[in-house]
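Have a look below at one chain only, the form predicted on its own, in structure tokens format.
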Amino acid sequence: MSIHQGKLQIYNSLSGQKEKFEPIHQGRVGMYVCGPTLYSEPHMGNMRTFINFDMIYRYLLLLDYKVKYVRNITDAGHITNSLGEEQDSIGSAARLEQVQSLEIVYKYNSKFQELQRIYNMLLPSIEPTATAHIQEQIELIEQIMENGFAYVVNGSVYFDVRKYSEKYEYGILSGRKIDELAEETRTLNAQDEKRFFADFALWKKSNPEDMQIWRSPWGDGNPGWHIECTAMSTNYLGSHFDIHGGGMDLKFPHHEDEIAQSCGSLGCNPAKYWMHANMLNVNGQKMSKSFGNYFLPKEIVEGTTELFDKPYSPNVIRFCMMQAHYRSTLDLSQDSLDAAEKGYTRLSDAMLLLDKLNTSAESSFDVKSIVDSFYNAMDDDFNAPMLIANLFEAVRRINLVNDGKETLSATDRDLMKKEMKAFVLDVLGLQVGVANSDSKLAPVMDLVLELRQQARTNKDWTTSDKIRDGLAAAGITVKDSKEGTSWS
């Protein structure tokens, strides 16, 4: 057990305040995060949520918790919104591309797995799919019906919100009240089937055009949107687990209805702590195709989006995202990415420099307090922006030691190196500093710099500058010094 366990505070959306993190089982954490729905490639806003929870997962691992991280994949096409409007997103995409649903699911799952590699995300412990858990969903629906919180109409099963509200509070997570919801209702598909406008589908009778159909006690059909996550989370983590996370847009109705389903079937709220990552803006506006600021996560890396005048490395994008708290809105812009690129380079250079510093008998500053500040930042509801600010204080000190204005003992240098590596590489998930020497780019860069050095030796300054400028355009900085040439 790490000495740093027991200090973490998490903002719980359920209570609306920060709470001391006390896992249900000491030393172990069960965490469920809503994953992608495979009818299209995840957009950058989706990736921000997944990257933030990757960071949270990484810090829990650093604290020595044994974490079972479950992030689902929604590959069942029947989606139902808050008030019953039906849309089979996967089926619609399959018909548009004139392929089967399974082809759509496989195509976009492959793209999502590739994005995880590109953005250096750790794989979850388990990545279950909705279609592999149809039986568990049916069994949960049967339990909800047995407890009196659901009813059947024409082969479809609906959750009875009014009946549920007699025993439990519907809206406990989102703060939405049924009376307020009534004002938002409108004429929707299947509205005439439901006893109450706020009731939501647990199971929907199939239509002839449906591309995915399963058998059930109520007839052939498709699962509702919300029941999938309830089935998968409780199947792998139990009826009551530590953390349930997702994007802010899922708080209502998805997460609210998950709570209702768990209480209605298992008698308890599924999660002790509910966490929600905020939205992504691009150039000051919500990312939307209608605003013309929509792009895919791979486009910004490849430089194929017209929103930015050059490509950015996944490390720079990830670093940029970490400079906004996960509960705050992040505005991604050319300026913020350029600033992140400079900061990322500065941090990477300092970590490389740390290995080369001359040491003294003792340090002229308190290294332990700097290290403690790393933990203090992350213990404050995973405050990555504060962590980065504290890392740059360490960078400042490293540069002062290099300039001979401060001193650093060998022991403190080793401590700083160990903890900076832990927080930059293992928590923020950046591939900088010591990672550069192991990268596949290193042998290529050795060859390029050798060619540049030959040009300099031959006083071919045009070629030398062309190589340097070309590398700079690709986001690679070349530095010449007395000790030789280095890159980052």
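In this text, residue numbers run from 1 along the sequence as written. The structure displayed is predicted, hence computed values, not measured ones.
Although it is not shown, the form predicted in complex with adenosine monophosphate (AMP) is what the next lines describe.
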* **P36: touches adenosine monophosphate (AMP) in the model of the complex, heavy atom cutoff 4.5 angstroms** => yes
* Quick one: is M279 in contact with adenosine monophosphate (AMP) in the model of the complex, heavy atoms, 4.5 Å cut-off? -> yes
* Spell out, yes or no, whether the shortest heavy atom distance between H43 and adenosine monophosphate (AMP) in the model of the complex is within 4.5 Å. => yes
* **Interface membership of G343, adenosine monophosphate (AMP) in the model of the complex, 4.5 Å heavy atom rule** => no
* Asked: For the chain seen here without its partner, which of 424 to 432, 459 to 467, 43 to 51, 24 to 32 has a heavy atom within 4.5 Å of adenosine monophosphate (AMP) in the model of the complex?
  -> 43 to 51
* Structure fact -> in the model of the complex, the residue from R396, R327, K286, K167 with a non-hydrogen atom within 4.5 Å of adenosine monophosphate (AMP) is K286
* **Heavy atom within 4.5 Å of adenosine monophosphate (AMP) in the model of the complex - residue from D249, D372, E299, E114** => D249
* Distance direction in the model of the complex for the C-alpha atoms of S290 and N109, relative to the displayed form (3 angstroms or more) -> closer
